[in-house]
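Taking the form predicted on its own, here's one chain by itself in structure tokens.
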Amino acid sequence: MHTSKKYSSNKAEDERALHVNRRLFLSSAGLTTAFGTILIVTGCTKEDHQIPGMGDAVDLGSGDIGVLNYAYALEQLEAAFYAKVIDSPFSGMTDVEKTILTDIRDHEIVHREFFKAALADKAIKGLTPNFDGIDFGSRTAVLGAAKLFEDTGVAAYNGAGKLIKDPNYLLLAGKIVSVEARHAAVIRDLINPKSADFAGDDIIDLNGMDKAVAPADILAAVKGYVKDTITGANVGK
């Protein structure tokens, strides 16, 4: 079970702690070695690929670059959401809840920054989230939104897996989706403690498998939470 830890109120100390957490996460997940590989693979000139994000719509791009930008877009959304949750805690948030939600925020920031650096000049722009419909002062509203984002994230990675051509990318996606699944489980436990809902039949099928949802369906599902128009028609192609 998640153990509670104290977070300093000193901003500089918090930033140093977050930096350490990022390094430890990347190292333990085995992302540091593959990180260099991705930088080499994606470090081509602007003439080699059409740059995503041109025009009014944000184009995720094609092939593996499109899949990585797709993941980057979702991680942007999640990181922004949890940052707002911690910046303005809901009424009655317990120390345990704050610790868990802070850890999830830190993980999502690591994921976001990892994709941004790996994609380099192929990365889409920073997206503008739209959380106007979420009451961040309400525990029910915040955890309900967190459940939606985490379940959606797991289904998104599962659905994009078959589109990835480079095995290195597939390995990384598998390592990240396992973290997202842990997030989904703990959020469900916060909502409904000590129940079987951490792996409810709304997300796990009769074969014990998690849902896998195609990018087009995921983008439609999160459309209301992003002010930008995102085009993912060529993801994985």
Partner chain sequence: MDIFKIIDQFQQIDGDATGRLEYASRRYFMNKVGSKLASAAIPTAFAAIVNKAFAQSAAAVDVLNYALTLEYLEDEFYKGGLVAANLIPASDKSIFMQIGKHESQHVAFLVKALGAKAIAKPMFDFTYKGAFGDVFTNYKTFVTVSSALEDTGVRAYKGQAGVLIADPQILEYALQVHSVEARHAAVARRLAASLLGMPAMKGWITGKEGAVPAIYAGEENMTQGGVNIKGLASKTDAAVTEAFDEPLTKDAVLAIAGPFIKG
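Numbering follows the first chain given and starts at 1. For clarity, every value in this text was computed on a predicted model and none was experimentally measured.
Unshown form predicted in complex with its partner chain; subsequent notes refer to it.
For the residues A123, I100, A145, L127, the 4.5 Å heavy atom test against its partner chain in the model of the complex is passed only by I100. A residue is said to contact a partner when one of its heavy atoms sits within 4.5 Å of a partner heavy atom; K84 fails this definition for its partner chain in the model of the complex, lying far away. Within this chain, V58 is remote from the site of its partner chain in the model of the complex, having no heavy atom within 4.5 Å. Its partner chain is not shown here, and in the model of the complex it never comes within 4.5 Å of any heavy atom of A80. Using a 4.5 angstroms limit between non-hydrogen atoms, P167 touches its partner chain in the model of the complex. Residues of 162-189 placing a heavy atom within 4.5 Å of its partner chain in the model of the complex, in sequence order: K162, I164, K165, D166, P167, L170, L171, L172, G174, K175, I176, V177, S178, V179, A181, R182, H183, A184, A185, V186, R188, D189.
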